[in-house]
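Shown next as structure tokens: one chain only, the form predicted alone.
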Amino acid sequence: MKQEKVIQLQNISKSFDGEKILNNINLYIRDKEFITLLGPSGCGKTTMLRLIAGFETPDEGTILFEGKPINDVPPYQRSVNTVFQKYALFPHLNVFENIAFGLRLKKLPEEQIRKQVKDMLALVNLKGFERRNVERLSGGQQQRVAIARALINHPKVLLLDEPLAALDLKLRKDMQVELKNMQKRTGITFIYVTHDQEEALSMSDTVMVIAEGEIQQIGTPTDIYNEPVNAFVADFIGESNILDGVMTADYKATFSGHTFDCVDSGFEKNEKVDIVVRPEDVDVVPCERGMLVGDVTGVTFKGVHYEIIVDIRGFKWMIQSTDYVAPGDHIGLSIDPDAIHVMKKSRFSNMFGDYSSFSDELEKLSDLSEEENE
């Protein structure tokens, strides 16, 4: 059965202080879909969410809800609720009254309110917490209350703006599973905003990657990961070795001084391209069997595998392997045809370097600076 389009954005643009945040966005979201808007800080994903919620108005374009324009419909008249990163619970109300708040505004009978709140407490795994002070709850419990309060009015669409960002890693992973289960059980469309690629890939039916106010790619998590359309998507989703290459013929790609068999075709003869090879798709072999050979410059144990940095003709590759090699070793690399993904050159070409500066410390520093900027 084909799902109907519940929300459509047609030619949407939005600027703040003369700076264009969203540029001619065209998108539709299906009923009962879990779609994630994924991108770095400042790419426009939260602005898109606020436009759908009605907290902002587009400068250009039309927003449709079930086929009807809603540009001028105020937030409280839209069948949409939002869960923010800061849960905005009412500190003077207990768990029960926080969840019941929207129903009391509608002046529903007390018996109906009690039943609906009880059902919501069961849905978010908070049975027995009715009288608890919300300020004495953990971050994960507070988030569940915020979600229950948003869901109890049975919105057609639930908007979630980085709701797991404040939680620790283990709780965040637990809540990812719970949120996906809630979405399946309620059948409500979830539109989820995050800059966390793992979160997007593990939870979503559809992922939309945004950069510089424009949609770069929309697809299933598998499509986005395995078939990135440009260097930005390849770099942002998972680890990637992104190299300059040439398509010498259909199914033949030359890079790193070697011509490889690949599964791509339809390029001009000798067209310059971007090549993506995922670290987990490279096999470490003896030098005499290697399509490429290089020197190991760094090895990090990651529990399940080793992360190996290999210098090949001055380009630092990342390889993920369960086989240990030592820094200084001279090794061969073998790459199967279906592990090579060929992309057209784009404005993002040559913006992403190799792994010469890669380290856990740099990752942590970038994470800290991102948190400070949010």
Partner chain sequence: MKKRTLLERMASAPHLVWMVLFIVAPLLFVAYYAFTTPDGSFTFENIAALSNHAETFLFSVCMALISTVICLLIGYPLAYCISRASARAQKILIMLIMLPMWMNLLIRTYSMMAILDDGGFLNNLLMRLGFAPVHIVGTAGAVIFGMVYNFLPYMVLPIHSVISKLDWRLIEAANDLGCNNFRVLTRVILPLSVPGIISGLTMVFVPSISTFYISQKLGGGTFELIGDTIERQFQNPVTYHVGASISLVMMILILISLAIMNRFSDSETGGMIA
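Residue numbers count along the first chain shown, from 1. What you see is a predicted model, and the numbers here were worked out from it, not measured in a lab.
Heads up, the form predicted together with its partner chain isn't pictured, but that's what we're talking about next.
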Checking a candidate spot here: are F55, L89 and R149 all in contact with its partner chain in the model of the complex (at least one heavy atom each within 4.5 Å)? yes
Pick the stretch from 98 to 106, 207 to 215, 116 to 124, 278 to 286 whose residues have a heavy atom within 4.5 Å of its partner chain in the model of the complex. 98 to 106
Counting non-hydrogen atoms within 4.5 angstroms of its partner chain in the model of the complex, say which of N153, S265, Q112, T248 makes the cut. N153
Which pick from V80, A253, M175, A200 sits with a heavy atom within 4.5 Å of its partner chain in the model of the complex? V80
Applying a 4.5 Å heavy atom distance criterion, does R50 contact its partner chain in the model of the complex? yes
State yes or no: in the model of the complex, is some non-hydrogen atom of F84 no more than 4.5 angstroms from a non-hydrogen atom of its partner chain? yes
Are any of the heavy atoms in G257 no more than 4.5 Å from a heavy atom of its partner chain in the model of the complex? no
At 4.5 Å between heavy atoms, is P75 in contact with its partner chain in the model of the complex? yes
